[in-house]
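Take a look at this single chain in structure tokens; it is the form predicted alone.
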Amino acid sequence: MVNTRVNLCGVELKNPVVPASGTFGFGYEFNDIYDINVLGGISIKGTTKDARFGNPTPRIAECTSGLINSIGLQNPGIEKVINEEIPKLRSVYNNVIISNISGFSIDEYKYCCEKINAVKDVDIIEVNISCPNVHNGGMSFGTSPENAQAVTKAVKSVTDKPVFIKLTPNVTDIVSIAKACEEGGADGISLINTSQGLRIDLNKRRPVIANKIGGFSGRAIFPIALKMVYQVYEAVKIPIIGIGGVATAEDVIEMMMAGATAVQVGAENLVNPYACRDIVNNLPRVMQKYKINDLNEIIGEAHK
């Protein structure tokens, strides 16, 4: 038997496979098509203080080996997520719940994290300072070490749950930002969020997405994500959740060898709703193929 269990800051996951925030709803919706308890964890839809309708439509554009989205953090707001969405998920799911928090100010991040800290069913808080699809918030905090550290310090002052800061790839030096988060007290780093992209409708002769530019995700960005996980692993001592273009069990192994302790699956869920289940089911076979008995033994192995 192979060991697929991993540990994130004292929180044990039965396997490292986690659907990424924004690509899996609040999780319970998928329980209608398969038993979501096969998943190591679920990162639920990004949550802000107030309800948001999101950006105008159209908000999705297909690309070769990926897609562009500009959803704009559509969500029902922190109170409804706490009182309705998380209880619905916990009623059908027994494993790790990761709450993804977004904001438009440090005070909003702090407010939402303090609220979610009181929710016993939430195991880990993932703070999104990397959303490219909202104005005056999200990514503006993730593009400078100083701002990233300020958000980290603020949320760590109001929570005793493990905090993972989710970073944007749309920077020139992701390592300095990751280190600033670590110095600010982050328990871990999630990376990467979407890159940026554009599609033009040849008939209408204008951008496909109403917001013009959106977040580019999917299999095409896997090498970029892998590179950044590899770079950040060499610079910090806290655990990493690797995200970006993951579509197969082999991708999970590769991410972990680059330095990730757990791995999130994003856009692939939109192409194949069974993607995470299939990856979990295939993982032991792929481990045996590459003579891996324990996933913990390969974390960062590519650096040796």
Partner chain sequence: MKQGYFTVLTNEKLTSNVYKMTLAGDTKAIERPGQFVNIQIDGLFLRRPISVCDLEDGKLTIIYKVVGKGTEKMSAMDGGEILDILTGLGNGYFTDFAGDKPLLIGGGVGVPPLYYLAKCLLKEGKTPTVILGFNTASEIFYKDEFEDLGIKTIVCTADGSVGVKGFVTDGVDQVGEYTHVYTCGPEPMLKAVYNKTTSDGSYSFEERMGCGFGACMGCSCKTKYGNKRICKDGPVLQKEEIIW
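All values reported here derive from a predicted model rather than from experimental measurement. Positions refer to the first chain, counted from 1.
Below: the form predicted together with its partner chain, not depicted.
**Student:** Using a 4.5 Å heavy atom cut-off, which stretch among 166-174, 214-222, 86-94, 182-190 contacts its partner chain in the predicted complex?
**Tutor:** Careful reading of the contacts points to 214-222.
**Student:** Contact between C63 and its partner chain in the predicted complex at 4.5 Å, heavy atoms?
**Tutor:** C63: contacts its partner chain in the predicted complex.
**Student:** Is there any non-hydrogen atom of A235 lying within 4.5 Å of its partner chain in the predicted complex?
**Tutor:** A235: no, not in contact with its partner chain in the predicted complex.
**Student:** Tell me, yes or no, whether A249 is in contact with its partner chain in the predicted complex, where a contact means a heavy atom of each within 4.5 Å.
**Tutor:** Heavy-atom contact with its partner chain at 4.5 Å: absent for A249.
**Student:** Taking heavy atoms and a 4.5 Å cut-off, does R59 contact its partner chain in the predicted complex?
**Tutor:** Residue-level check for R59: yes, a contact with its partner chain.
**Student:** In the predicted complex, which residues of 67-82 put a heavy atom within 4.5 Å of its partner chain?
**Tutor:** Heavy-atom contacts within 4.5 Å come from L67, I71, Q74.
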